[in-house]
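Only one chain is given next, in structure tokens, and it is the form predicted alone.
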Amino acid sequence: MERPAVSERQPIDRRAQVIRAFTLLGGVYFFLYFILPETAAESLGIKARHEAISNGFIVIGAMAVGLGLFNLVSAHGSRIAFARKGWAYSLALLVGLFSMLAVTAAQWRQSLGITAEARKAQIVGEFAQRIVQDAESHAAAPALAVRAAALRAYADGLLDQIGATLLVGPPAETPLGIELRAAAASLRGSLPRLEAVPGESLSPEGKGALTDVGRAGELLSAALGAFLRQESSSTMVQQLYTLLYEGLFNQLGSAMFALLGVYIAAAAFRAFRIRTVESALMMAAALIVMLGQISLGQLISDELPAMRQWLLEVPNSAAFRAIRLGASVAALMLAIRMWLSIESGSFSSRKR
């Protein structure tokens, strides 16, 4: 007599349980933050921590982008390594990907340098405003004359650096170069007035001098940033970025949309075949809309533009509202299923 087979106990999938738990907790948190009044969210401490929690989700999203990039390189890299079918397209994709990443990173680093240089001039205006604010609020700070002297020394050094490195050669004769020279001259002309700043209390003359220096520093920062951006436009990095983005990426997008237009026209031709009453209504509405859009329609009838407008505002809007309502209900149901981990087939680490 054969003994009945003992069924093997399936091991507990801890990975899936952890993912389901975090998914449920994340859904509960955002659900409560959405429905709770603001006072309740403040009393529970949710509002104070919401920004940090949202930043955490942004970090997770960035990690997902990195994971997608890794999978893209892995899939197409293996196709190239083993010379599978379509490996040339994979090679073109990876070359374009890494070229765009390298050029974009170089341009980003260049823009950081421009921002840092403009920031040096912006500090002049902020420093002058801070001296006035501290003096008016009687905050603990070094003597006004000492801070004014430090501000003048910093501004003099910055202006000498700008004059020695930027305001030389042909770029200095461009409109932005002339504007930068005028802003630098305005700041240099306002610096001697800082000698009127007393050592103890701030006088009206000293406040006016600091205010003028602050405004001149802000103008210099704006002019310096515009001048540096103009100069960076002629660099190799910017030219490569323009070539890749505007010369290739945008043009490829235009070509793809042009191909989609052909498929849309073919689909419209099949949809507008008058075989039923519904297709006849669709064909009539399409003709009215198209004729009401062009000047030829006004020559046929003056009522066509008004009929077109009525079709777009009344029946068309009603249909779009119905579609959006149905899509919203479907999205809500899908969100609930994901929240309750019903759509969790990919969470499990076991092979099914």
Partner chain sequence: MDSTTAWGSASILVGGLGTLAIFSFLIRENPFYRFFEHLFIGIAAGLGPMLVIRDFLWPNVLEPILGGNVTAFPDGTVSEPYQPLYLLYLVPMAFGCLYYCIYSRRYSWLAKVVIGFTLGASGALAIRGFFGEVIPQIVGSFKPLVVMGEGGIMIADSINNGIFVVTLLLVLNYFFFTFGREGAIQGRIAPLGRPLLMVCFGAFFGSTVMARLALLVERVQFILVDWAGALRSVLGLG
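Positions refer to the first chain, counted from 1. Quantities reported herein were computed from a predicted structural model and do not represent experimental measurements. For the two forms, the rigid core is made up of the largest set of C-alpha atoms that agree within 1.5 Å on superposition.
The protein also exists as the form predicted together with its partner chain; that form is not presented, and the subsequent description refers to it.
- Among 167, 132, 196, 93, the residue placing a heavy atom within 4.5 Å of its partner chain in the model of the complex is 93.
- When its partner chain is considered in the model of the complex, only one residue from 116, 81, 274, 101 comes within 4.5 Å through any heavy atom, namely 101.
- Although the partner is absent here, residue 174 sits far enough away that none of its heavy atoms falls within 4.5 Å of its partner chain in the model of the complex.
- Among heavy atoms of residue 107, some come within 4.5 Å of its partner chain in the model of the complex.
- Using a 4.5 Å cutoff between non-hydrogen atoms, residue 156 does not count as a contact of its partner chain in the model of the complex.
- Its partner chain in the model of the complex comes within 4.5 Å of no heavy atom belonging to residue 163.
- Residues of 227-258 lying near its partner chain in the model of the complex, listed in sequence order, are 234, 236, 239, 240, 241, 242, 243, 244, 245, 246, 247, 248, 249, 251, 252, 253, 254, 255, 256, 257, 258, the criterion being any heavy atom within 4.5 Å.
- Superposition on the rigid core between the shown form and the other one places the CA atom of residue 306 2 Å or more away from its counterpart.
- The Cα position of residue 69 differs by less than 2 Å between the shown form and the other one after fitting on the rigid core.
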